[in-house]
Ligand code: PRX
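Take a look at this single chain in structure tokens; it is the form predicted on its own.
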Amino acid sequence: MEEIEILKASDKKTRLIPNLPDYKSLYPNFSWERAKSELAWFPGGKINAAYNAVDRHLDSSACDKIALYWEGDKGEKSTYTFSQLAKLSNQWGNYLKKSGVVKGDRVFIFLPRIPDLFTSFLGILKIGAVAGTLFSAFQQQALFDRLEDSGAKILITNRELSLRLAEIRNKLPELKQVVIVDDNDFQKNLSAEQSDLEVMPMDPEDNAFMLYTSGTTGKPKGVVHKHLAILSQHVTAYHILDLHDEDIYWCTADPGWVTGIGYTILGSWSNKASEVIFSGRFDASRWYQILQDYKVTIWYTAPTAVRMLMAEGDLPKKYNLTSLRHILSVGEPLNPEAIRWGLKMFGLAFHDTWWQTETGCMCLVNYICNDTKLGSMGLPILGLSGGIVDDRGQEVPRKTEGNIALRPGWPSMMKEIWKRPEKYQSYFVNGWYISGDRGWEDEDGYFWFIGRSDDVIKTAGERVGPFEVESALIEHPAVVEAGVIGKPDELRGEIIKAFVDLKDEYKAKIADKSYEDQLKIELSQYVKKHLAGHAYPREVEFIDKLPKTRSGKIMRRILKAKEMGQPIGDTSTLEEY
């Protein structure tokens, strides 16, 4: 294994004093109880996450500050102040109350990233209902599974997406109403609603929003979060995103994914962030144009997107991106090569953050104020302790592989798995939340990712994490992305097989079979040289597109199922593939 590269905190170009200037001194003394004073509370210890995200700013200078710069796929643009977001979400709350929505009802949103998605989400929470978000790429079966399991009472969508309900609507008896946001009559009715609303004070443990996440088997599971989740999201957005009043912030995540809720709606707006939201699909030139035009200072995106940008070469040099001061990533581990590229192109290192739908907020992160070890997951956030444990929940020595685990009790930890209490309990062993990811902890307390529990490869008695092989492959100049699996082998138990997406110029060259064979050997030898003698792919297959979730995770189980000729299971959270 190559020597670990370290980017010293003193070498980072911060421009502003970080909101968290000294991790080591503040970590031991942090208290979630004291942090509650950062939020607004109602009498009796009640809270409302949507009120905290938007309405509490109306009595401050942020009332008329732009909260949302929206840009549509076709170049449409609009802006919304915190005051306008508050009024529009109040109208949504009043409309839903007239439609019979009461506290605890599930109201689901099936929309592209248009303003109605965000204002309706806030309105749902304000009246005590539970918001569910659905990716606009979902097809009939994915919609049915989620709407049926949740017992959603209302679905908010548009004309185009509503067509996917045609064959399933009569199988959803609990779905009482479908709201079509681009219907003229609906818009008139919504505009006629009062823009004042008495926000419902909620118990901190009351349900606020839910998301469905897929595992390797079975139907998607509904992960439910409470109103108190905003406390974790607020604190982590302040400390890790490092939001300052003058910042322009762009999180590229869709609210169908937990990042798009925690750090586009709740935690970021509770910090009075001015945000950019783009409703279109990924396009490198368009993304750079947005970074330039809005003078984005903080950019939170996915490693997959970073690698796609890397494949475009020197394209960023055509744009003025000097406004950027802090860049971060989420969704899957960040390869060292992507960090080096960020330093080369922007003079900034991407700061990786690790967390899950179930955790509700960033958990293991790379802070501006700390040294960054390239390829590491970073350190636990303030108010959270992490560890590496065996399958019985016993801590293992440092530098030993095991399950990445967290001590339960942080404010945004999932409240329940909808209607599946046994599944919820299965996450907890011997006083630890077991994440399902495997890794190790180094001598400085930094965590390092190996792979999902069911992804780790055992070859000739050695355990190999697919991520480290993928990282080695990405270092090769021909490779955009790679997905690595273990393939059964009589002699070795498993061999390592790599599925590789090549850069365009190399895709053209492999039309020559002899060149293709030569490149496969070259890639295997490259990993052998840069990683370990046993940890190289004995098989390499070139692939046009890797199967990934919308959050950017490579779905190795799908690669493995296809390789083995097995059913691929639930694919509803995948990118169109």
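Treat the numbers as computed from the prediction; the structure is a model and nothing was measured. When you see a residue number, it is the position in the sequence shown, counting from 1.
The protein also exists as the form predicted together with the ligand; that form is not presented, and the subsequent description refers to it.
Is it the case that 70, 286 and 291 all touch the ligand in the predicted bound form, with a non-hydrogen atom of each within 4.5 angstroms? Negative, none of the three is within 4.5 Å.
Considering non-hydrogen atoms and a 4.5 Å limit, does the ligand approach residue 213 in the predicted bound form? Yes, residue 213 is a contact residue.
Residue-level contact is defined here as any heavy atom of the residue lying within 4.5 Å of the ligand in the predicted bound form; does residue 332 satisfy this criterion? Looking in the predicted bound form, residue contacts with the ligand include residue 332, since a heavy atom lies within 4.5 Å.
Hey, in the predicted bound form, does residue 353 get a heavy atom within 4.5 angstroms of the ligand? Within the cut-off, so yes.
The ligand contact at residue 136 in the predicted bound form, heavy atom, 4.5 Å: Looking in the predicted bound form, residue contacts with the ligand do not include residue 136, since no heavy atom lies within 4.5 Å.
Pick the stretch from 311-319, 123-131, 353-361, 277-285 whose residues have a heavy atom within 4.5 Å of the ligand in the predicted bound form. Looking at the other structure, the answer is 353-361.
Note which of 258, 235, 498, 265 lies within 4.5 Å of the ligand in the predicted bound form, where distance is taken over heavy atoms; exactly one does. For this set of options, the contacting one is 258.
Could you spot which one of 110, 82, 449, 446 gets a heavy atom to within 4.5 Å of the ligand in the predicted bound form? Only one option qualifies, and that one is 449.
Taking heavy atoms and a 4.5 Å limit, what residues of 366-394 are near the ligand in the predicted bound form? The one in contact is 377.
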